[in-house]
Structure formats: C-alpha cells, structure tokens
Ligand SMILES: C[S@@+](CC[C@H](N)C(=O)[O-])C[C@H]1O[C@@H](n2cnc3c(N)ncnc32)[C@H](O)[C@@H]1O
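Next up is one chain by itself, shown in structure tokens, the form predicted on its own.
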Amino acid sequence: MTEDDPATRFASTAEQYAVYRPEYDDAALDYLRERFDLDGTGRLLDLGCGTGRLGVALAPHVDAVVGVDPNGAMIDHARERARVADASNTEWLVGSDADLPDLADELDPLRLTVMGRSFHWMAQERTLDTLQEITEPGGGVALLSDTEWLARGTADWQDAVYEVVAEFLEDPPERTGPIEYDDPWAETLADHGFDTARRAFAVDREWDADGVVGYLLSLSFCSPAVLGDDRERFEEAVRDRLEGFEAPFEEDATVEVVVGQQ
C-alpha cells in the first residue's frame, strides 16, 4: 500500500477516530430513514465505514448492516461499537471499494449504501456502477460530509489551534473559512443513473481540550504517525493555546447529505 492509500493514511488514527470524531446529526439520520423507508427491513452497506458510526446508528432501522473498511484497526473499533450498542445484525469486513464487485452477489440487493468522506478516496465511477446494479428500486446511495473545522471554522479558538498546527506541520490544509466548494458528487451520482438531492443540517457542538486534541490526532495529516516524536510537544502546545479561551469551545457545524435514489 502507498502513503495515499486510506488504510495507510489512517493507520495510526483508529483510536482517536473512534473516540473523538463527532457523531452524525440525528436530523441527517432521520432524513435518510424517511427518504429510503428504513423500516427494519433491507440491507445497508457502510462502505469505508471507519469505526462504524453510520452503520451502527442505522442498524436498528434495517434488517442487516455490512461495514467494509481497508483498515483492520478501524474494523476492530466498529465491531466493539456494535457490541456495545447491541447491534447484532451487523457484519464488519476488512476490504475496500476495490472488493465491491466481488462482494456484489453476496450484498445484492441493497436498500442503501452510506459513505462518509471515504468516497473521496474511492474509484467513484466503478463503485457507483456496481452499486447501481445491486441497489433495489427505491433504494440508493447517501454521501455524508461534516464541516472540517480546522480549515473552515471561524471561531477565535479555531484560529488559535490552526496556528499551533501550522507550527508543527510543513503543509497544513489552507484555512479557508466557510466557503462553498465545487462538489461534483451530486453530478457524479446523476451521471450513474441516480435521482439526486442535497440537504444540509446545522449542528451546534461543544468541545473540551481533550476532544480538540483527540480530533486533531484523528486527522490523516495530523496523525500520531505524522507527528512522530513531536506528538507530546504538539499536544501540550494545543492545550496551552486553548487556555486563553473559555471552555467549552463552541463550533457551528454543518452536516451535508447528498443522496442518489433508484
């Protein structure tokens, strides 16, 4: 695997990813349940599932969930999340979108496939072609993304944290603020035979210093592997900078859902 492979990029982040990545907004999940008639029947695929947040959250509303991720440590955390939630109708596999054609017969038919930011790393056209073939009528695909607050947040505490990150990383992501990106995902879904829609859900979140540090370490470009011997010094620097702000640290977030329906 290369450094650009998702399993490699996130290899050292599984523990922080499992604990510190925020849960998906209830309103976004309710939208998916209503849109795709998740009434306790049907099979759901959580592709690029990470630590299983989406699959476990939706497990009570389908008959079966299959989660697939190339990172074995992430899959271990997904199994544990499912165990704690008593989501016994879930199955977790080490694999990727490249394995989807080989899994197609086993998965067919799918009510819904959910993907988070993982879709960015996939062979998108091949993935959607396969999903189009094995998704039942009325079912579909949902792509969910969350505000990346290190780059797009506007709060003073976020500015301060970014300054620390920039001190430790040679090439941090550009700090852009809340701009609209040219996101082709809806167009890509439409090109592969899906009827598309887009919804955005505003979310107010609160963070403490542990959460901020843990979230930063869950990012592929700011992972424990990337920081190496500087990790302890980095964590101390973030905490020191946050002492200048009153906790909890507030974030105005947006969860965006792009759906494609058969």
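Because the structure is a prediction, the values reported are computed rather than measured. Residues carry their position along the shown sequence, with the first being 1.
Below: the form predicted together with the ligand, not depicted.
- Exactly one of the stretches 185 to 193, 71 to 79, 104 to 112, 150 to 158 approaches the ligand in the predicted complex with heavy atoms within 4.5 Å, and it is 71 to 79.
- The ligand in the predicted complex comes within 4.5 Å of no heavy atom belonging to residue 44.
- Within this chain, residue 21 lines the site of the ligand in the predicted complex, having a heavy atom no more than 4.5 Å away.
- Not displayed here, the ligand is approached by residue 118 to within 4.5 Å at the level of heavy atoms in the predicted complex.
- At least one heavy atom of residue 17 is located within 4.5 Å of the ligand in the predicted complex.
- Every residue of the trio 10, 48 and 122 has some heavy atom no more than 4.5 Å from the ligand in the predicted complex.
- Shown without its partner, the chain has 96, 97 in segment 76 to 105 as residues with a non-hydrogen atom within 4.5 angstroms of the ligand in the predicted complex.
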